[in-house]
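Form predicted alone, single chain, as structure tokens, below.
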Amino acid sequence: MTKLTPIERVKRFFNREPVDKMPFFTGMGMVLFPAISKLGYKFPTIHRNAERLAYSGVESARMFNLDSVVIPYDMCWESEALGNKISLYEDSADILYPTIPTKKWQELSQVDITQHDIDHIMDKYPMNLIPKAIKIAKKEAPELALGAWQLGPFTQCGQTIELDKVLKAVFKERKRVEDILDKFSDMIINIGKALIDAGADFITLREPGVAADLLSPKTFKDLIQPRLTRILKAWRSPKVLHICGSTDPIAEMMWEVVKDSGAQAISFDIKNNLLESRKKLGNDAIILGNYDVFKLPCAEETTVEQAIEGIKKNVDSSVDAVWPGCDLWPAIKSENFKAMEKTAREYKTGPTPAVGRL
């Protein structure tokens, strides 16, 4: 039987060409603690150092046989580039991702994104580190697919001012919200193009702040869907749309975004009923996601056998690749995650609804 390299497998997968076995990869954060421990890195030191960002991703992928390296890991890059100070928790031994303790814009009226910010976002620190990291990872691991991701405009807005204020403003200051979302959309388009030009083999647009438990389906259709379509349409393929939270009521609209933008796949998290989504979207849709990124590979009480059963359930839910419901949590239990990867490859060897087998 033909054996593909990880990058060959992922490229064929997105092209809807038959692959040799079930892809096991992600398009979201995937730095894993056993890998950075092997490299001798402390968790806070990997996020704003291009070399450590690249090598930690490569080692994480190789150690656990993932088909992809994905850069970056945290969600503060753009907000920091626009002037917010972040905390890296450099004195902590715990796994703490960078956060923005205090946002410089407290109200929507204060948000000031200039055309210069939009046009030159990749020249600003720390955004200029991501293309460097991508290039290092591509050189270090040419056999692996290189993924990148960007937050969608609504979630990015929530990284700039408090999300609850944005949610309230959707109804009280609609025109102002739309203007800000359009500026973020322009900026996100430019960032995505830069990451693809740097060597990313695929890119994921992540919009976790717009799930049906936060915004109504009507608001999603009117306010969010057109902007997600515009962003994805501007990027080269392959490209994936991911939304966290409750997505059953908006799954069909999400798939419209994928089709209308020329994207390749749709990704859900653990709150989505995959079998129902498959019925709604049909066998032509490439469906990813949904397995629990903490319970299966990380939770102390989860046995290897339970982790295996979790992946079998995920495969039985008609996914086209085994792909997590969100960022992989770094404190992975090696025995669980390795068993999950092995199960994904071996459990069912036939074609999935949208992708065939060699």
Partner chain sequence: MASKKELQEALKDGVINYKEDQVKEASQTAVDEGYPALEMIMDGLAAGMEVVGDLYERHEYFVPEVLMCADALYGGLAILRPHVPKKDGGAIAQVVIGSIQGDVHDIGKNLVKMMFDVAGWQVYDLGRDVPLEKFVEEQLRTDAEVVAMSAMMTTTMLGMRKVIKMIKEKNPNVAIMLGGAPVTQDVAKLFGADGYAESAGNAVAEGIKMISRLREYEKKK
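The shown structure was predicted, so the numbers you read here are calculated from the model rather than taken from an experiment. Numbering follows the first chain given and starts at 1.
Beyond the structure shown, there is the form predicted together with the partner chain, which is absent from this document and is the topic of what follows.
At least one heavy atom of residue 99 is located within 4.5 Å of the partner chain in the predicted bound form.
Contact check for residue 329: a non-hydrogen atom falls within 4.5 Å of the partner chain in the predicted bound form.
Although the partner is absent here, residue 295 sits close enough that one of its heavy atoms falls within 4.5 Å of the partner chain in the predicted bound form.
In the predicted bound form, the partner chain lies within 4.5 Å of some heavy atom of residue 217. Using a 4.5 Å heavy atom cutoff, 89, 164 and 168 all lie near the partner chain in the predicted bound form. Segments offered: 155-163, 275-283, 252-260, 196-204. Contacting the partner chain in the predicted bound form at heavy atom distances within 4.5 Å is 155-163.
Comment: the partner chain is not present in this chain, but in the predicted bound form one of 132, 233, 176, 271 has a heavy atom within 4.5 Å of it, namely 271. When the partner chain is considered in the predicted bound form, only one residue from 123, 143, 107, 94 comes within 4.5 Å through any heavy atom, namely 94.
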